[in-house]
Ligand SMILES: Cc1ncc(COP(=O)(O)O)c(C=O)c1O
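Next up: a single chain in C-alpha coordinates, the form predicted alone.
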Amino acid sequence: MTLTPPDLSVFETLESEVRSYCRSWPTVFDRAQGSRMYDEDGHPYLDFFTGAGSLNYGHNNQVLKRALLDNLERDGVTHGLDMSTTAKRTFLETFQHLILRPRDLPYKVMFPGPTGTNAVEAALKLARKAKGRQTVVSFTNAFHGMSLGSLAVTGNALKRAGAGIPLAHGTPMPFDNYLGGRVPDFLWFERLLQDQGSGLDHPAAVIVETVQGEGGINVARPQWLRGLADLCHRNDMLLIVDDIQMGCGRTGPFFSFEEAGITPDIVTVSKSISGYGLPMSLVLFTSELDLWEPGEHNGTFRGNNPAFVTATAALDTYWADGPAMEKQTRAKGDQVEQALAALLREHPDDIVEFRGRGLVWGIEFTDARRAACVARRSFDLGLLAETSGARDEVVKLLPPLTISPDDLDEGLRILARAVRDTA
(Lines give C-alpha, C1' and ligand atoms only; values in the text may rest on other atoms or scores of the structure.)
Protein backbone atom coordinates (compact mmCIF):
# COMPACT_ATOMS: atom_id res chain seq x y z
CA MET A 1 0.00 0.00 0.00
CA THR A 2 2.88 2.42 0.75
CA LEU A 3 3.56 4.55 -2.35
CA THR A 4 6.99 5.76 -1.33
CA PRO A 5 9.54 3.60 0.47
CA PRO A 6 9.52 4.38 4.20
CA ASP A 7 12.67 5.69 5.83
CA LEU A 8 13.89 2.68 7.81
CA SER A 9 17.55 3.72 7.96
CA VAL A 10 17.78 4.46 11.69
CA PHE A 11 16.17 1.14 12.55
CA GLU A 12 18.46 -0.78 10.22
CA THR A 13 21.68 0.93 11.32
CA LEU A 14 21.12 1.45 15.04
CA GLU A 15 18.63 -1.18 16.20
CA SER A 16 19.70 -4.77 16.88
CA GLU A 17 19.26 -7.53 14.31
CA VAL A 18 16.96 -9.25 16.84
CA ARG A 19 14.00 -7.19 15.65
CA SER A 20 11.37 -9.33 13.94
CA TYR A 21 7.84 -7.98 13.43
CA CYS A 22 9.13 -4.89 11.66
CA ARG A 23 10.68 -7.15 9.01
CA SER A 24 7.26 -8.62 8.21
CA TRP A 25 5.60 -5.20 8.10
CA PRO A 26 8.15 -2.82 6.51
CA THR A 27 6.53 0.52 7.21
CA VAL A 28 6.68 3.10 9.98
CA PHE A 29 3.51 3.19 12.05
CA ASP A 30 2.45 6.54 13.44
CA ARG A 31 -0.93 6.19 15.16
CA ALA A 32 -3.67 3.68 15.90
CA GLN A 33 -7.29 3.68 16.92
CA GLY A 34 -9.78 0.88 17.39
CA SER A 35 -9.08 -1.97 14.97
CA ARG A 36 -6.75 0.00 12.69
CA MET A 37 -3.15 1.19 12.62
CA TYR A 38 -1.89 3.97 10.34
CA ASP A 39 1.58 4.44 8.94
CA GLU A 40 3.29 7.82 8.75
CA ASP A 41 1.85 8.39 5.27
CA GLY A 42 -1.66 7.85 6.61
CA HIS A 43 -2.28 4.44 5.04
CA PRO A 44 -4.62 2.30 7.20
CA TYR A 45 -4.10 -1.32 8.18
CA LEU A 46 -6.74 -3.50 9.78
CA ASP A 47 -5.09 -5.10 12.79
CA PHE A 48 -5.59 -8.86 13.18
CA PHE A 49 -2.48 -9.00 15.38
CA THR A 50 -3.44 -6.62 18.24
CA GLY A 51 -0.06 -6.45 19.89
CA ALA A 52 0.25 -10.26 19.97
CA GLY A 53 -3.01 -10.32 21.89
CA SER A 54 -2.27 -7.37 24.20
CA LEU A 55 -5.01 -5.16 22.77
CA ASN A 56 -8.23 -7.16 23.12
CA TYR A 57 -10.19 -3.90 23.35
CA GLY A 58 -8.48 -2.25 20.40
CA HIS A 59 -5.97 0.59 20.06
CA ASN A 60 -6.40 3.70 22.19
CA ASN A 61 -9.78 2.60 23.49
CA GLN A 62 -11.55 5.86 24.29
CA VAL A 63 -12.94 4.79 27.69
CA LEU A 64 -9.62 3.40 28.87
CA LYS A 65 -7.69 6.37 27.52
CA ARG A 66 -9.93 8.79 29.40
CA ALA A 67 -9.40 6.90 32.66
CA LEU A 68 -5.64 6.91 32.12
CA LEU A 69 -5.47 10.62 31.25
CA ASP A 70 -7.64 11.56 34.22
CA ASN A 71 -5.32 9.65 36.53
CA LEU A 72 -2.21 11.25 35.06
CA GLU A 73 -3.73 14.74 35.18
CA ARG A 74 -4.47 14.42 38.89
CA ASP A 75 -0.87 13.26 39.53
CA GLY A 76 -1.90 9.72 40.39
CA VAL A 77 0.93 7.40 41.41
CA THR A 78 2.80 6.12 38.37
CA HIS A 79 5.41 3.97 40.12
CA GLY A 80 4.94 2.33 43.47
CA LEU A 81 6.60 -1.12 43.42
CA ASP A 82 4.26 -3.21 45.60
CA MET A 83 3.16 -0.35 47.85
CA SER A 84 -0.54 -0.01 48.55
CA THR A 85 -2.16 2.58 46.29
CA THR A 86 -5.70 3.64 45.56
CA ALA A 87 -5.34 2.41 41.97
CA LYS A 88 -4.24 -1.04 43.12
CA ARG A 89 -7.04 -1.24 45.70
CA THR A 90 -9.67 -0.32 43.13
CA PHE A 91 -8.33 -2.88 40.64
CA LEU A 92 -8.23 -5.67 43.24
CA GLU A 93 -11.76 -4.92 44.44
CA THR A 94 -13.07 -4.78 40.88
CA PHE A 95 -11.26 -7.95 39.82
CA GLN A 96 -12.63 -9.80 42.82
CA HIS A 97 -16.18 -8.52 42.32
CA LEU A 98 -16.47 -8.93 38.54
CA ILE A 99 -14.16 -11.84 37.77
CA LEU A 100 -13.26 -14.06 40.72
CA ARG A 101 -16.46 -14.18 42.79
CA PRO A 102 -18.91 -14.80 39.92
CA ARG A 103 -16.77 -17.79 38.89
CA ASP A 104 -16.21 -19.09 42.44
CA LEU A 105 -12.47 -18.89 41.95
CA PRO A 106 -10.63 -18.92 45.30
CA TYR A 107 -7.51 -17.11 44.15
CA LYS A 108 -5.01 -14.81 45.76
CA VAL A 109 -3.48 -12.26 43.38
CA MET A 110 0.26 -11.77 42.93
CA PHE A 111 1.87 -9.02 40.87
CA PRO A 112 5.25 -10.26 39.55
CA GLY A 113 7.24 -8.30 36.99
CA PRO A 114 5.20 -6.72 34.19
CA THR A 115 5.61 -9.32 31.42
CA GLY A 116 4.11 -12.70 30.69
CA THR A 117 7.38 -14.54 31.16
CA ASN A 118 7.73 -12.88 34.60
CA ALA A 119 4.41 -14.44 35.56
CA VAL A 120 5.45 -17.87 34.27
CA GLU A 121 8.76 -17.72 36.17
CA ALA A 122 6.91 -16.86 39.38
CA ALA A 123 4.40 -19.67 38.83
CA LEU A 124 7.15 -22.24 38.27
CA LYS A 125 9.07 -21.04 41.31
CA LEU A 126 5.96 -21.21 43.50
CA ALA A 127 5.03 -24.71 42.30
CA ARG A 128 8.52 -26.00 43.05
CA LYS A 129 8.50 -24.33 46.46
CA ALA A 130 5.08 -25.77 47.32
CA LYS A 131 5.87 -29.34 46.28
CA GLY A 132 9.59 -29.50 47.05
CA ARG A 133 10.29 -30.96 43.61
CA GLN A 134 12.03 -29.61 40.52
CA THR A 135 10.47 -31.17 37.41
CA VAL A 136 7.66 -29.42 35.54
CA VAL A 137 5.84 -31.12 32.69
CA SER A 138 4.92 -29.07 29.63
CA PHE A 139 3.57 -30.02 26.20
CA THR A 140 4.71 -30.32 22.61
CA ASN A 141 4.55 -27.00 20.71
CA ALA A 142 4.11 -25.05 23.95
CA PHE A 143 5.31 -21.46 24.30
CA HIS A 144 5.62 -19.87 27.73
CA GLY A 145 8.17 -17.08 27.34
CA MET A 146 11.79 -16.23 26.56
CA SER A 147 13.50 -16.22 29.97
CA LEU A 148 15.31 -19.39 31.04
CA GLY A 149 12.64 -21.00 33.20
CA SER A 150 9.96 -20.29 30.61
CA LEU A 151 12.16 -21.59 27.79
CA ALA A 152 12.65 -24.85 29.68
CA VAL A 153 8.92 -25.51 29.33
CA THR A 154 8.72 -24.19 25.74
CA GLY A 155 8.77 -26.55 22.77
CA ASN A 156 10.09 -24.45 19.88
CA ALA A 157 13.63 -25.56 19.01
CA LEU A 158 14.79 -22.17 17.69
CA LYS A 159 13.64 -20.32 20.79
CA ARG A 160 15.13 -22.96 23.10
CA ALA A 161 18.48 -22.80 21.28
CA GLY A 162 18.71 -19.09 22.01
CA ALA A 163 19.22 -19.82 25.71
CA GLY A 164 22.81 -20.88 25.07
CA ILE A 165 22.80 -23.26 28.06
CA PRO A 166 21.07 -26.54 28.90
CA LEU A 167 17.42 -26.04 29.83
CA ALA A 168 16.78 -28.32 32.78
CA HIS A 169 13.90 -29.59 34.91
CA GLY A 170 11.28 -29.52 32.16
CA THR A 171 9.79 -32.62 30.53
CA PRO A 172 7.53 -32.46 27.44
CA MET A 173 4.45 -34.61 26.91
CA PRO A 174 2.14 -34.88 23.86
CA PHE A 175 -0.47 -32.10 23.61
CA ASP A 176 -4.06 -32.97 22.75
CA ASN A 177 -4.23 -34.75 19.35
CA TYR A 178 -0.46 -34.58 18.90
CA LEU A 179 -0.53 -38.26 17.92
CA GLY A 180 -3.63 -37.89 15.74
CA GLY A 181 -5.98 -39.69 18.11
CA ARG A 182 -4.12 -42.99 17.71
CA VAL A 183 -3.24 -43.19 21.42
CA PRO A 184 -5.60 -42.76 24.39
CA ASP A 185 -5.19 -39.46 26.22
CA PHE A 186 -2.31 -39.40 28.74
CA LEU A 187 -1.40 -43.07 28.19
CA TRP A 188 2.32 -42.28 27.95
CA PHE A 189 2.26 -39.67 30.73
CA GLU A 190 0.43 -41.92 33.18
CA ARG A 191 2.65 -44.90 32.40
CA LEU A 192 5.78 -42.86 33.13
CA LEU A 193 4.30 -41.70 36.44
CA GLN A 194 3.51 -45.26 37.49
CA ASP A 195 6.79 -46.87 36.43
CA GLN A 196 9.64 -46.50 38.91
CA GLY A 197 12.03 -47.23 36.07
CA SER A 198 10.75 -44.58 33.67
CA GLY A 199 13.37 -41.98 34.57
CA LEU A 200 10.74 -39.29 35.10
CA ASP A 201 11.29 -37.50 38.39
CA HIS A 202 7.90 -36.95 40.01
CA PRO A 203 6.78 -33.52 38.71
CA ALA A 204 5.89 -30.60 40.91
CA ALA A 205 3.47 -29.28 38.31
CA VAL A 206 2.12 -29.39 34.79
CA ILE A 207 1.88 -26.18 32.74
CA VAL A 208 -0.49 -25.94 29.78
CA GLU A 209 -2.07 -23.50 27.33
CA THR A 210 -5.70 -24.34 26.54
CA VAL A 211 -5.07 -22.97 23.05
CA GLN A 212 -1.46 -22.93 21.90
CA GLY A 213 -1.03 -19.55 20.23
CA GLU A 214 2.60 -19.51 19.10
CA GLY A 215 2.44 -23.28 18.62
CA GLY A 216 -0.04 -22.99 15.76
CA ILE A 217 -3.51 -22.42 17.30
CA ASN A 218 -3.77 -25.94 18.66
CA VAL A 219 -7.03 -26.15 20.60
CA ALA A 220 -7.31 -28.55 23.55
CA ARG A 221 -10.67 -30.26 23.91
CA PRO A 222 -12.56 -29.61 27.16
CA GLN A 223 -12.54 -33.35 27.96
CA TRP A 224 -8.76 -33.46 27.47
CA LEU A 225 -8.32 -30.56 29.91
CA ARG A 226 -10.61 -32.25 32.42
CA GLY A 227 -8.59 -35.43 32.07
CA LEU A 228 -5.38 -33.48 32.66
CA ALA A 229 -6.80 -31.82 35.77
CA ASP A 230 -7.85 -35.23 37.11
CA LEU A 231 -4.42 -36.71 36.35
CA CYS A 232 -2.74 -33.88 38.25
CA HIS A 233 -5.06 -34.29 41.23
CA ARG A 234 -4.51 -38.06 41.44
CA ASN A 235 -0.74 -37.72 41.23
CA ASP A 236 -0.15 -34.77 43.57
CA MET A 237 0.91 -32.37 40.81
CA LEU A 238 -0.16 -28.75 40.55
CA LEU A 239 -1.95 -27.65 37.39
CA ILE A 240 -0.76 -24.33 35.95
CA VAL A 241 -2.80 -22.79 33.12
CA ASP A 242 -0.89 -20.20 31.10
CA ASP A 243 -3.68 -17.82 30.09
CA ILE A 244 -1.37 -15.01 29.05
CA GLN A 245 -2.54 -14.78 25.43
CA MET A 246 -5.85 -16.66 25.58
CA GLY A 247 -7.24 -15.03 28.74
CA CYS A 248 -9.17 -11.79 29.18
CA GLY A 249 -11.96 -12.97 26.88
CA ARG A 250 -9.95 -14.01 23.83
CA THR A 251 -11.66 -17.43 23.58
CA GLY A 252 -15.06 -16.16 24.80
CA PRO A 253 -15.20 -16.44 28.61
CA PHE A 254 -12.81 -14.31 30.64
CA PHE A 255 -10.57 -17.32 31.38
CA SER A 256 -9.98 -19.81 28.58
CA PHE A 257 -10.30 -22.79 30.94
CA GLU A 258 -13.88 -21.99 31.99
CA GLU A 259 -15.43 -24.01 29.17
CA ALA A 260 -13.71 -27.13 30.52
CA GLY A 261 -15.14 -26.60 34.00
CA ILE A 262 -11.77 -26.91 35.74
CA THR A 263 -10.13 -24.83 38.48
CA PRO A 264 -6.35 -24.71 37.98
CA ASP A 265 -4.11 -24.42 41.02
CA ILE A 266 -2.18 -21.56 39.42
CA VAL A 267 -3.08 -19.25 36.52
CA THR A 268 -0.82 -16.78 34.73
CA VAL A 269 -2.40 -13.69 33.16
CA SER A 270 -0.79 -10.84 31.23
CA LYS A 271 -1.05 -9.17 27.79
CA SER A 272 -4.64 -7.81 27.73
CA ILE A 273 -5.20 -7.64 31.49
CA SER A 274 -4.26 -3.93 31.45
CA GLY A 275 -6.67 -3.41 28.57
CA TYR A 276 -4.54 -0.69 27.01
CA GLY A 277 -1.31 -2.43 26.14
CA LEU A 278 0.44 -1.28 29.31
CA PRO A 279 2.79 -3.88 30.83
CA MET A 280 1.08 -5.86 33.60
CA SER A 281 0.87 -9.47 34.70
CA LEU A 282 -0.77 -11.52 37.42
CA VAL A 283 -0.23 -14.88 39.02
CA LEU A 284 -3.39 -16.32 40.58
CA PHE A 285 -3.23 -19.20 43.02
CA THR A 286 -5.20 -20.83 45.82
CA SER A 287 -4.71 -19.60 49.38
CA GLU A 288 -2.90 -22.73 50.54
CA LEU A 289 -0.21 -22.05 47.93
CA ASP A 290 0.50 -18.56 49.25
CA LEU A 291 3.80 -19.68 50.76
CA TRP A 292 5.95 -16.70 49.80
CA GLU A 293 8.12 -14.94 52.34
CA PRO A 294 7.91 -11.12 52.03
CA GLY A 295 10.11 -10.06 49.12
CA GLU A 296 11.00 -13.64 48.19
CA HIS A 297 9.93 -12.89 44.63
CA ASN A 298 9.97 -9.25 43.63
CA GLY A 299 10.73 -6.76 40.89
CA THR A 300 10.98 -3.00 40.46
CA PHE A 301 8.01 -2.84 38.09
CA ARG A 302 5.66 -5.30 39.79
CA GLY A 303 3.05 -2.66 40.55
CA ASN A 304 2.19 -0.74 37.37
CA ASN A 305 -0.31 1.83 38.63
CA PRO A 306 -1.33 3.26 35.24
CA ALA A 307 -2.07 -0.32 34.19
CA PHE A 308 -4.23 -0.80 37.30
CA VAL A 309 -6.28 2.19 36.19
CA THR A 310 -6.87 1.00 32.63
CA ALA A 311 -7.43 -2.60 33.77
CA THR A 312 -10.17 -1.44 36.15
CA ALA A 313 -11.79 0.60 33.40
CA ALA A 314 -11.69 -2.42 31.06
CA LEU A 315 -13.33 -4.67 33.64
CA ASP A 316 -16.01 -2.11 34.44
CA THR A 317 -16.73 -1.45 30.77
CA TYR A 318 -16.67 -4.94 29.29
CA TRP A 319 -17.19 -7.45 32.11
CA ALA A 320 -19.74 -5.86 34.45
CA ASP A 321 -22.63 -7.09 32.29
CA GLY A 322 -22.18 -10.79 32.98
CA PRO A 323 -21.98 -12.87 29.79
CA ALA A 324 -22.56 -10.04 27.29
CA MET A 325 -18.92 -9.76 26.22
CA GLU A 326 -18.61 -13.53 25.89
CA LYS A 327 -21.71 -13.70 23.68
CA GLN A 328 -20.39 -10.95 21.39
CA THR A 329 -17.03 -12.70 21.04
CA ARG A 330 -18.66 -16.04 20.26
CA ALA A 331 -20.89 -14.40 17.62
CA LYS A 332 -17.88 -12.82 15.94
CA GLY A 333 -16.07 -16.13 16.21
CA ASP A 334 -18.91 -17.75 14.29
CA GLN A 335 -18.47 -15.07 11.62
CA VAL A 336 -14.76 -15.94 11.31
CA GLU A 337 -15.46 -19.67 11.27
CA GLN A 338 -17.95 -19.34 8.41
CA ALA A 339 -15.51 -17.28 6.35
CA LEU A 340 -12.67 -19.75 6.93
CA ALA A 341 -14.92 -22.69 6.06
CA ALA A 342 -15.68 -21.02 2.73
CA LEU A 343 -11.96 -20.42 2.20
CA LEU A 344 -11.21 -24.09 2.83
CA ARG A 345 -13.88 -25.13 0.33
CA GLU A 346 -12.32 -22.80 -2.24
CA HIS A 347 -8.75 -24.04 -1.63
CA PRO A 348 -9.02 -27.69 -0.46
CA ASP A 349 -5.58 -28.62 -1.77
CA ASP A 350 -3.80 -25.63 -0.26
CA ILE A 351 -5.31 -25.52 3.24
CA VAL A 352 -4.92 -28.42 5.67
CA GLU A 353 -7.48 -27.10 8.14
CA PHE A 354 -8.54 -24.09 10.16
CA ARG A 355 -9.03 -24.14 13.92
CA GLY A 356 -9.77 -21.81 16.80
CA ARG A 357 -12.14 -20.59 19.50
CA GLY A 358 -13.74 -17.21 20.10
CA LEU A 359 -11.57 -14.67 18.30
CA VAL A 360 -8.36 -16.64 17.93
CA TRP A 361 -8.06 -18.62 14.70
CA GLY A 362 -5.39 -20.25 12.60
CA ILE A 363 -5.23 -21.44 9.00
CA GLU A 364 -2.72 -24.23 8.38
CA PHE A 365 -1.33 -24.45 4.85
CA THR A 366 -0.13 -27.59 3.10
CA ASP A 367 3.05 -25.79 2.07
CA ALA A 368 4.44 -24.07 5.15
CA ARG A 369 6.01 -21.35 2.98
CA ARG A 370 2.57 -20.33 1.77
CA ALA A 371 1.59 -18.96 5.18
CA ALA A 372 4.35 -16.35 5.05
CA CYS A 373 3.34 -15.41 1.50
CA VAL A 374 -0.28 -14.97 2.55
CA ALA A 375 0.71 -12.87 5.56
CA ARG A 376 2.93 -10.66 3.39
CA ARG A 377 0.27 -10.24 0.71
CA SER A 378 -2.26 -9.40 3.43
CA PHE A 379 0.04 -6.61 4.57
CA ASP A 380 0.27 -5.28 1.02
CA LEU A 381 -3.54 -5.21 0.95
CA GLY A 382 -3.86 -3.49 4.33
CA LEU A 383 -4.18 -6.31 6.89
CA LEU A 384 -1.79 -7.20 9.70
CA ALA A 385 -1.62 -10.93 10.46
CA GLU A 386 1.29 -13.01 11.72
CA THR A 387 2.30 -16.64 11.31
CA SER A 388 2.76 -19.27 13.99
CA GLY A 389 3.48 -22.97 14.38
CA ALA A 390 6.73 -24.91 14.54
CA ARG A 391 7.34 -24.25 10.83
CA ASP A 392 5.40 -20.98 10.62
CA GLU A 393 2.83 -22.93 8.65
CA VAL A 394 -0.19 -21.23 10.20
CA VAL A 395 -1.62 -17.78 9.53
CA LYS A 396 -2.82 -16.56 12.91
CA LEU A 397 -5.79 -14.24 13.39
CA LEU A 398 -6.21 -12.17 16.59
CA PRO A 399 -8.64 -9.33 15.80
CA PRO A 400 -9.73 -7.06 18.66
CA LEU A 401 -12.69 -8.36 20.64
CA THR A 402 -14.30 -4.96 20.07
CA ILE A 403 -13.98 -5.04 16.28
CA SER A 404 -17.17 -4.23 14.41
CA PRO A 405 -18.77 -6.97 12.26
CA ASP A 406 -18.13 -4.79 9.19
CA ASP A 407 -14.42 -4.38 9.95
CA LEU A 408 -14.15 -8.08 10.72
CA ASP A 409 -15.77 -8.92 7.40
CA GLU A 410 -13.43 -6.52 5.58
CA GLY A 411 -10.38 -8.15 7.13
CA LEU A 412 -11.62 -11.63 6.24
CA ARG A 413 -12.21 -10.54 2.65
CA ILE A 414 -8.66 -9.16 2.47
CA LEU A 415 -7.37 -12.47 3.82
CA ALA A 416 -9.35 -14.43 1.23
CA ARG A 417 -7.93 -12.26 -1.55
CA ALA A 418 -4.40 -12.77 -0.20
CA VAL A 419 -4.89 -16.55 -0.35
CA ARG A 420 -6.13 -16.31 -3.94
CA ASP A 421 -3.33 -13.95 -4.96
CA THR A 422 -0.64 -16.33 -3.67
CA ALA A 423 -2.12 -19.49 -5.22
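Start at 1 and count along the sequence shown; that's the residue number. On a predicted model such as this, the values are computed, not experimentally measured, just so you know.
Beyond what is shown, the protein has a form predicted in complex with the ligand; the following relates to that form.
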query	finding
is_contact(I244, the ligand) in the model of the complex, heavy atom dist at most 4.5 Å	yes
Heavy atom of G145 within 4.5 Å of the ligand in the model of the complex	yes
Partner proximity in the model of the complex: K271 to the ligand, non-hydrogen atom cutoff 4.5 Å	yes
Touches the ligand in the model of the complex: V309 (any heavy atom, 4.5 Å)	no
Contact residue in the model of the complex, from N71, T117, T329, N304 (heavy atom within 4.5 Å of the ligand)	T117
Partner-proximal stretch of 81-89, 136-144, 343-351, 95-103 relative to the ligand in the model of the complex, 4.5 angstroms, heavy atom	136-144
Those residues of 206-235 which, in the model of the complex, come within 4.5 Å of the ligand by heavy atom	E209, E214
